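Given as structure tokens, the chain that follows is alone and in the form predicted alone.
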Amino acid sequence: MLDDFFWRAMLGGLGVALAAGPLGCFVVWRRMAYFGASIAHTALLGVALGFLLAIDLTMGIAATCIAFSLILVLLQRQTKLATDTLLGILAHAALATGLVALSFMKDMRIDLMAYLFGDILSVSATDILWIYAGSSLSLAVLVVIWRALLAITVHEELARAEGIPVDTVQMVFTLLLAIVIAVSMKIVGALLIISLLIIPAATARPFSRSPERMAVFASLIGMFAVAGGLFASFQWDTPSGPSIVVAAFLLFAASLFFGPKRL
């Protein structure tokens, strides 16, 4: 008989995988893996912000991730530094600042490993509400911008010529990524969040004949990874967040060997 905390963890993980799959497809298509990882690294600064301001940590993480996204968009307008250079500077500066800020909070007991690698087994009912609210909002907005974002992904200049507000759509997508990363942090942690975005999407790619099918498959694969990782963690007493990532990787490896071969 499994305890209640296990089922809360399962419910939270499935909620994250549901939204991470479709968003992860665009991360893979647009080659934004490093961008997603950079946003995730800023999440630790959000944890420090939440403790300093005595607000809900999810709110602090979301605010920091969204602010990072907006700052990056503004800085991308300059031409002196490449985008990947900016990402490296901002992401690691935010991560380091968060670690330094947390080190000054000596009167608080902070489990740093939980924020870096996740602590899904401590997910509460409130966390589940945050996860499903954030995931539902992200999926609803993604449905609205789906065609425009897909057009931009295929050919940005053609999308501009057709009158699609490219900058606005890209900004909205960036904010959706920030929201999902914020609600996902307790599942796999700041250093592993991007894995739930890119591994299920990459696994679904060989089996998909349309973007919509790939998005659905990515969500399902992410859910299987969450379930498999949690059961493995419970069975062998391994870290839950990394176990989910390992399960996702094993599914990806299986897709390479047993998936359809395409010339």
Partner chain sequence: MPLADSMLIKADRIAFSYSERTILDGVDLAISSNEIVTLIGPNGSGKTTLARIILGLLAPSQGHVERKRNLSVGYVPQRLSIDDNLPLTVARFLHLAQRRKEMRIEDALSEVGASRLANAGIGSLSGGELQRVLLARALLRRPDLLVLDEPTQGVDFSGQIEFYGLIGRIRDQHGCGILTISHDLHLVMAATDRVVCLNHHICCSGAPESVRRHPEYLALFGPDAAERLAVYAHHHDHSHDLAGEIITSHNHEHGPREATEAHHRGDHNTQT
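Residue numbers count along the first chain shown, from 1. Fair warning: this is a prediction, and the values are worked out from it, not measured in the lab.
Omitted from view is the form predicted in complex with the partner chain, to which the following refers.
The partner is not drawn, yet in the predicted bound form one stretch among 85-93, 153-161, 170-178, 122-130 has residues with heavy atoms inside 4.5 Å of the partner chain: 153-161. When contacts are judged by a 4.5 Å heavy atom cut-off, Glu212 counts as touching the partner chain in the predicted bound form. When contacts are judged by a 4.5 Å heavy atom cut-off, Ala232 does not count as touching the partner chain in the predicted bound form. In the predicted bound form, the partner chain sits within 4.5 Å of a heavy atom belonging to Trp146.
Mapping the unseen interface onto this chain, Val28 counts among the residues with a heavy atom inside 4.5 Å of the partner chain in the predicted bound form.
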